[in-house]
Structure formats: C-alpha cells, structure tokens
Ligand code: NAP
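Encoded as structure tokens, the following chain is the form predicted alone, with no partner shown.
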Amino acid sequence: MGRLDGRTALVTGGSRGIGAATVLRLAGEGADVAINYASSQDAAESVAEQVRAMGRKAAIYQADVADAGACAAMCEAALGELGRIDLLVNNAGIGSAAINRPTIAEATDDQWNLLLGANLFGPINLCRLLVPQMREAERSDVIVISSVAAQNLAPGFGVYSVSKAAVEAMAHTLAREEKRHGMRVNIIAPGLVDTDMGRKIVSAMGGGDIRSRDASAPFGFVCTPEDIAATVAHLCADDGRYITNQRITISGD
C-alpha cells in the first residue's frame, strides 16, 4: 500500500528536473500522474513509461502553462482520461538565466512577461481550472514550487524574484480560501538544486561545473531533485494532513 494510493496528480514541467523526480516519487507512493511538458515529448514519454512500469497510470500533455487556452485543453484532456485531479504540483517555471538577469530598471516588458507568464500566471491558470473540481475530493493538495530567490532578492535576479514572491502570495491566499474545502496548499522553496536551471546558474556565475559546489554545500552535496520530491510526497500524504499555508525552504541552511 502506498501513501498516495487512489490519488491522481498533475505535475507541470514534469519531463525533467524537479518535475520528473516529483512524478516518479508520487507514482512510487501510489498516485496516477498527468505529466505536463513544454517541448520535449520524448523526455515526457520516458518519464511516463517509468510510471507505468510501477503499475500506475500516466499520460503526457503538451502545454505552455502561460497560455490559458493551452492549459484549458490540457486539463480537459487529463480529466477525461484520468477521471479527476486531486493533487496539483505547480512546478513549471523559467529561470533568471533565460533573460540574462537584467536589473529592475533595465528589464523589458518582454522579459517581465516571459517570467511572470510561466512563474505566476501558469499556476494561476492551473488553479483556476482545477481547484473547483478538487473541492469535491475528500483530500486535495496544491503544491507551488517557488525559490529562495523570493526572499534573497539578489541583484540581477529581480524579475525572477518578483515572479516567485507573487506566486507565493497567491498560494498563501489560496490556502486560506480553500481550507474549508479540505484542501491543503503549501509552498516549497528550493535553494540551488542539481537541475538544468541550477547548472546554468552556477555556470553564469563563473562557478564551472555544479559538482564543484559539493564541497562547500551544506552536508557536502548540492540538493537533488529527489530531495524536493520527497517533501512534496510528505506534504500530500497523511503524514502532512495537518500542514497547510506553509513555506518550506529546502536549501540546507
């Protein structure tokens, strides 16, 4: 018996990194999973095949989460195929490296729109589409993957930090609004994680390979996607049944 037997999740950005690790952890705990991806169908299908090998249902759906119409089509298809969604992981996002880290005063409308579209309006789109039917479940969960950047507010990360701080405000409000429906809403804020985004951050800051950070990292290693996925599973299982409206930082500090 898995801790998430009978649950059905939708994980955005589920084809790689934290998203893929989360898909596999949730499936390993007994959940069926809808896997959203932006561009790599092969990567998404590879993750789905691993889920099916565990004996769980998996389906993949391409959608830019910033596109409300694409999200609506994805949710309609996922609900039609899997029956319901009672666990939403808003993981998909775009990092600061994608816009070359402009200052607040120099950032263009296009740069703001790109990061706010994925990091803020993506979760808004998915919550708007899925929360109403999630209210009918005996237990439902929304997890927002944020970042320590929302608190660190480092120069050059401003656009990204704003997008993550805004989505955290959305999540905290949603938690208060949906508690009466039995819904738990929580935020996970990772520090540096060994993902494509994490490697780009290290490289852009002149740090070379991410493995060079192991020696100076807390506990002697850089955080892995599986570390984040483990906390997602804990929050959504009965072990986390009394936890809502929390921001959990996973940075080793």
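Numbering starts at 1 and follows the sequence shown. Being a predicted model, the structure only gives us computed values, none of them experimental.
Another form exists, predicted in complex with this ligand; not displayed. Remarks below refer to it.
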Given that the partner is absent here, does Gly30 sit within 4.5 Å of this ligand in the predicted complex, heavy atoms only?
no
How about Ala92 - does it come within 4.5 Å of this ligand in the predicted complex, if we only consider non-hydrogen atoms?
yes
Flag Ala118 as yes or no: does it have a non-hydrogen atom within 4.5 angstroms of any non-hydrogen atom of this ligand in the predicted complex?
yes
Val193: heavy atom within 4.5 Å of this ligand in the predicted complex?
yes
Just one of Ala217, Met197, Ala68, Ala59 has a heavy atom within 4.5 Å of this ligand in the predicted complex. Which one?
Met197
Could you tell me which stretch in 102-110, 144-152, 177-185, 79-87 has residues with non-hydrogen atoms within 4.5 Å of this ligand in the predicted complex?
144-152
